[in-house]
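In the block that follows, a single chain appears as structure tokens, in the form predicted on its own.
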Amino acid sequence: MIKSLKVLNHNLSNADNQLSILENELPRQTAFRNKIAAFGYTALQPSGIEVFQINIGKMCNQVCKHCHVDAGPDRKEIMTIETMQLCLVAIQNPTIKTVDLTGGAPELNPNFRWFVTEIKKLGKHIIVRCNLTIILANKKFNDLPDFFKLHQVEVVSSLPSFTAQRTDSQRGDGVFNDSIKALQMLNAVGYGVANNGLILNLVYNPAGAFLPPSQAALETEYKTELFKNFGITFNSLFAITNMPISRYLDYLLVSGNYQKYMDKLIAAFNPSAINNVMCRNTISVSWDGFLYDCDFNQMLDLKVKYPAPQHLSEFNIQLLNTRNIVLKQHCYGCTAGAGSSCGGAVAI
């Protein structure tokens, strides 16, 4: 089994080492903060927190080559029920409309179902970032489609390709076939069917050192091929740019593509993406309750900027809504081409 960078004690398991690589080309590269300043942004601030994204554990049943979380079966970081209770207090704020549960595989947290049930009691829209194969990983997960349906959960799942070879090369042998079976199980309970409220969205991210193609064109292709070959339907496809973080950064360095990829991101900078990057309407919460501007900053251990509270125990939405967002060179990934967020392209 492939091991996580952390368990291997790899140099890139340390966030400071990743940041050192990302920042070491300055001033040859234009600093991201200087790039957006040329378009009138002396700082980037929130437009108002609407999405509460929570990483409830880094444990996963897969070890994907591109994973910026460095998740895997050997990761033991799991959110406790006490931290979940702090989350439940924070999301009672009426401006927070959506709770986005991620991991690792969030379903592996032993309190996952309890947490979903409690969030739903507060009337929040719930997104679960399900890797699909977890549904088939053990009999106790086979009923996840029914559980998701019961709580009207929006399911967002990565499927790097509609072919087995490309999917398995990125996510592991057999992942494609299990993903197809899981999608068919979700379809069987009503997910991905138009106008019934059970939302099933797929995520594409490139396998190599390049930007995603047109999201709209890719969605059309996915819908055609998945329905033709497997009878599968879904709602939307999100095209997400790979961030030069953790395992994907390791891939770029080992393959000799790092510098070319960073230059590509910078050259493709799109100022129209700035207003819609996810850090402007999202707060990211780690498994141990710390607060970050986005999931990517979380993995680089870049906590929100003081005087905004850095932990759930001191949650203050007013201070968080007036903070300056922490910016580094990886932010070019969210503003390249059509832009990118956990919801796909932001400058279509």
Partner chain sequence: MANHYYNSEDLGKFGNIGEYQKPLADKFFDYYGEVFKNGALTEKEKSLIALAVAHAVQCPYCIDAYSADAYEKGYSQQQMMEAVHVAAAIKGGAVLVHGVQMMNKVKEIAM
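The structure displayed is predicted, hence computed values, not measured ones. Positions refer to the first chain, counted from 1.
Form predicted together with the partner chain: not shown, discussed below.
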Worksheet item: Looking in the predicted complex, any heavy atom of K228 within 4.5 Å of the partner chain?
Response: no
Item to complete: Using a 4.5 Å heavy atom cut-off, state whether H125 contacts the partner chain in the predicted complex.
Response: no
Discussion item. How about A207 - does it come within 4.5 Å of the partner chain in the predicted complex, if we only consider non-hydrogen atoms?
Written reply: yes
Worksheet item: Taking heavy atoms only, is P271 within 4.5 angstroms of the partner chain in the predicted complex?
Response: no
Discussion item. Q165, P213 and E221 - do all three of these have some heavy atom no more than 4.5 Å from the partner chain in the predicted complex?
Written reply: yes
Discussion item. Among the candidate stretches 101-109, 136-144, 228-236, 199-207, which one is within 4.5 Å of the partner chain in the predicted complex when only heavy atoms are counted?
Written reply: 199-207
Worksheet item: Since the partner is left out here, which residues of 255-289 would have a heavy atom within 4.5 Å of the partner chain in the predicted complex?
Response: K264
